[in-house]
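Given next, in structure tokens, is a single chain: the form predicted on its own.
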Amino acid sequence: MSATSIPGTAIPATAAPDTTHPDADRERDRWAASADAWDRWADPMADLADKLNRPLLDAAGLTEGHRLLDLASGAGEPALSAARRAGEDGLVVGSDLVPGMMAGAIRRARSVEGPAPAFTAADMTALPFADGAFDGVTCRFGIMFLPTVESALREVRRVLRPGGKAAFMVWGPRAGNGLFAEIGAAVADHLGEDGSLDPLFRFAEPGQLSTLMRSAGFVETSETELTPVRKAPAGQPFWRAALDMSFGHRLGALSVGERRDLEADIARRFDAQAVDGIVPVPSHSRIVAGW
């Protein structure tokens, strides 16, 4: 994994404008349809998730005794990891707009030894919390799907105490994310292109989200690039979790044969990239933090 910091004072003035405005109803339906897949894959993907959680929680300045709000918690991460770090004297609240997405989070929290988060349904644009209630706010791959990001950022700033910090993790360019690039191309070839992958890369360009955060009242921002390359074994369906979680809303109508053909195509695409039995799978994400 490589990381490079981009100080908030150096955000380029020519950052590409935010032109993507996801449809709220469509996104809600999408994640409701994918909820079972997120629950099913939450535990098998826990180790990979932790590699994303740690730098995000570091960026939010989370330490023992802190009060943290995690937005778009889905199946529970990074809220579960945050609760362990905040400890018995801290408080972590996980939230999601789609209650069904939190079924896995609630299930997993019941088996946690030690501190566990509280989970509640919440709309990022109208958070049900008091002003200054939290020391930090995190959101891992969720802010991109909101039609009105500016409203959410103002709410995040409102629920932060003075000096509190928010940290968002977003995807970098589609071309730099091997799983999405290859699976998305295969799905489009078999089912047609519906644009549902576009919102993931809404803040792919440096400076876009930072600019919005400053407009919402954050005094200082920073950006950190994360570009790990996963080494996956050829011939193994390492891509299946990403297929189910990110494209599950499109797969329900497939027949057994159609699903088999799609998966065979995805497997061929990745196997063609193998070198000495290993498939390099690049990933590009960005942590955008604001004070």
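Just so it is clear, the model here is predicted, and its values are computed rather than measured. Heads up: residue numbers just count along the shown sequence, starting at 1.
Below, we turn to the form predicted in complex with a small molecule, even though it does not appear here.
The small molecule in the predicted bound form comes within 4.5 Å of no heavy atom belonging to Ser210. Shown alone here, Trp31 lies within 4.5 Å of the small molecule in the predicted bound form, counting heavy atoms only. Of the heavy atoms in Val137, none are within 4.5 Å of the small molecule in the predicted bound form.
When the small molecule is considered in the predicted bound form, Phe145 lines it closely, a heavy atom lying within 4.5 Å.
Taking a 4.5 Å heavy atom cutoff to the small molecule in the predicted bound form, the contact residue among Asp123, Asp189, Glu205, Asp198 is Asp123. Distance criterion of 4.5 Å from any heavy atom to the small molecule in the predicted bound form singles out Val98 from the list Val98, Ala109, Leu160, Ala216. The stretch that touches the small molecule in the predicted bound form, counting heavy atoms within 4.5 Å, is 67-75, out of 86-94, 181-189, 217-225, 67-75. Contact check for Glu155, Phe168 and Trp291: none of the three has a heavy atom within 4.5 Å of the small molecule in the predicted bound form.
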